[in-house]
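Shown next as structure tokens: one chain only, the form predicted alone.
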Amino acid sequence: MRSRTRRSIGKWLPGLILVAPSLIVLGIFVYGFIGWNARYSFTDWKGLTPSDTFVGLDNYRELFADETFRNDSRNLIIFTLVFMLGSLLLGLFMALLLDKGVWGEGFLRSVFLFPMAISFIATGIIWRWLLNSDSGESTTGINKLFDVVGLDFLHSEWHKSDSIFAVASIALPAGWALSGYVMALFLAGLRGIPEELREAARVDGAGELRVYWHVVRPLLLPVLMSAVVILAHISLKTFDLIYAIDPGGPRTETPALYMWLTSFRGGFFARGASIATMLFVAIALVVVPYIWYSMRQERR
């Protein structure tokens, strides 16, 4: 019995020792700070001095009654929909293009992936110039291009317009930046589909569209699900891109930006911690079901 216990310990102990430093660091600097943040979301901490006075769910009740927070949540929904739809459609189009074997595939793949290598801050600065809505000699970017080609009637205020969809213009550069990553996911999925399956469908008389719909589409669904989960959690926590393009604009503000302004400009750290906790829960609601589904698929 003792020898069996020793063999069992000797089997898992080396692996545990190997990953122990990572587990300790992860436990302290990720999950420890998440717990620390959640704890202070139930206090009345304002100003530079931390407060341990417990106020229960008061901060959360105030947030749900806060018109700014509700406006920011609506902006986040619009931003997420445009960002995800743009990334998925553009990424899928580029993947299908490369999968057909176009000339210069290696070069095009690098070009498509390059935006992902640029930080969101740099992307935001570039797109702030591209979305410049000034008139006359100050016009730059896309509006300048419209003027040059005679399409000045398309001149837009972009993110500075009064429309509730102003935040959608900021989702465009986010979609552009992540489309290359989505393309890589879809291309890997397409290249993983056995060519014999497509050939069998063609032999049975199916055209290319029916091959893609009945053979390729079902096999790409796991890739699509992965892409949706990754993009959704990136969207929920996006801060730097929005701040670089339009810092503090009420029409483009999202909960992540409101959290930073509330905490570090207003000094309402407990309320900022409440927003951060709610964002964490929202991300968990997206990611945890996917992990659960993936684990069930692997066990089958």
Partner chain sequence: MTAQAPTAPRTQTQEAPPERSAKTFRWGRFVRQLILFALACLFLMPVYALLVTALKDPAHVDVVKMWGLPDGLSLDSFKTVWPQLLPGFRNSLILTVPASLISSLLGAMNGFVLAKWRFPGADIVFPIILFGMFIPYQAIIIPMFQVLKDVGLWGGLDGLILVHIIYGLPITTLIFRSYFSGLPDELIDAAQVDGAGMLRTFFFIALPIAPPAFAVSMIWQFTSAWNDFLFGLILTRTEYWPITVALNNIAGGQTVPFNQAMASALLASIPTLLVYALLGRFFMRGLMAGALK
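These numbers were taken from a predicted model, which means no experiment stands behind them. Numbering follows the first chain given and starts at 1.
What follows is about the form predicted in complex with the partner chain, which we do not show.
The partner is absent here, but in the predicted complex a heavy atom of 122, alone among 228, 122, 219, 197, sits within 4.5 Å of the partner chain. Looking at the partner chain in the predicted complex, residues 77, 85 and 300 place no heavy atom within 4.5 Å of it. Note that among 150-158, 177-185, 163-171, 68-76, the stretch whose heavy atoms approach the partner chain to within 4.5 Å in the predicted complex is 177-185. Taking the partner from the other structure, the partner chain in the predicted complex has no heavy atom within 4.5 Å of any heavy atom of residue 81.
Although the partner is absent here, residue 64 is not a contact residue: none of its heavy atoms lies within 4.5 angstroms of the partner chain in the predicted complex. A residue is said to contact a partner when one of its heavy atoms sits within 4.5 Å of a partner heavy atom; residue 46 fails this definition for the partner chain in the predicted complex, lying far away. Contact annotation: residue 30 falls within 4.5 Å of the partner chain in the predicted complex, judged by heavy atom distances.
Residues 90, 93, 94, 97, 98, 100, 101, 102, 103, 107, 108, 109, 110, 111, 112, 113, 114, 115, 116 of 85-116 are found to place at least one heavy atom within 4.5 Å of the partner chain in the predicted complex.
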